[in-house]
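There is one chain below, alone, in structure tokens, taken in the form predicted alone.
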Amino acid sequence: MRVGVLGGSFDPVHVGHLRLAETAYEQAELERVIFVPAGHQWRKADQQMAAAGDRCEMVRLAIAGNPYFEISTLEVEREGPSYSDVTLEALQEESPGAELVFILGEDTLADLPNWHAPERVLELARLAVAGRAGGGGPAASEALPGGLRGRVIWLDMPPVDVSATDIRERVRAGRSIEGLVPEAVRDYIAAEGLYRD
């Protein structure tokens, strides 16, 4: 049994996140994908985020009706910084015997050596990586350390030109975010007055 894990601030969750999860589900042959909203991102401590409850609710709305998507709130419930290795250990305990597949983009893969306990992340999970436009994709595997090469599943995914930063700026400026987030998420942002100064 393979279980995908997609972490992030999801501030807000958007169509790029959903497309990445769908692509990983299909191409990495996953049984399900767990979205894990970050609690305290230690590497982004200087960035202000929407409240954890709002970010979790937006994920719930975005994945509603999808039988193979679910949410785990373990990072927002845990005190202290959110470390991927600690999260993967907890998810492994919840699903003993499952093979975890950590879903990320090629840019994030390049940053992996700077993570907390990156070797432990690779012990706990394989990586499903979506290449970026102009990136090396599967050919970049040759530049990876030997032990990492066999742990990467490269995803064939067209680029999705959407970012949470752009969405927040659009909301702040009173511009439309239609098509960038699921309709239920767009309505939630408006109803709760998120991302307005």
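These numbers come from a predicted model, not from an experiment. Residues carry their position along the shown sequence, with the first being 1.
Missing here is the form predicted in complex with adenosine-5'-triphosphate; even so, the following discussion is about that form.
task = Would you check, heavy atoms only and a 4.5 Å threshold, whether residue 186 touches adenosine-5'-triphosphate in the predicted bound form?
result = Residue 186 lies outside the contact set for adenosine-5'-triphosphate.
query = Can residue 162 be called a contact residue for adenosine-5'-triphosphate in the predicted bound form at 4.5 Å between heavy atoms?
reply = Judged by the heavy-atom cut-off of 4.5 Å, residue 162 is in contact with adenosine-5'-triphosphate in the predicted bound form.
inquiry  = Quick check on residue 16: any heavy atom within 4.5 Å of adenosine-5'-triphosphate in the predicted bound form?
reply    = Contact check for residue 16: yes, within 4.5 Å of adenosine-5'-triphosphate in the predicted bound form.
inquiry  = Please determine whether residue 177 contacts adenosine-5'-triphosphate in the predicted bound form, using a 4.5 Å cut-off between heavy atoms.
reply    = No, residue 177 is distant from the partner.
query = Among the candidate residues 112, 121, 101, 104, which is the single one with a non-hydrogen atom no more than 4.5 Å from adenosine-5'-triphosphate in the predicted bound form?
reply = Only one option qualifies, and that one is 104.
key: Site check 8, 47 and 157: each within 4.5 Å of adenosine-5'-triphosphate in the predicted bound form by heavy atom   = Judged in the predicted bound form, 8, 47 and 157 all sit within 4.5 Å of adenosine-5'-triphosphate.
request  = Taking adenosine-5'-triphosphate as it sits in the predicted bound form, which residues of 63-79 have a non-hydrogen atom within 4.5 Å of it? Please list them.
outcome  = Nothing in the stretch sits within 4.5 Å of the partner.
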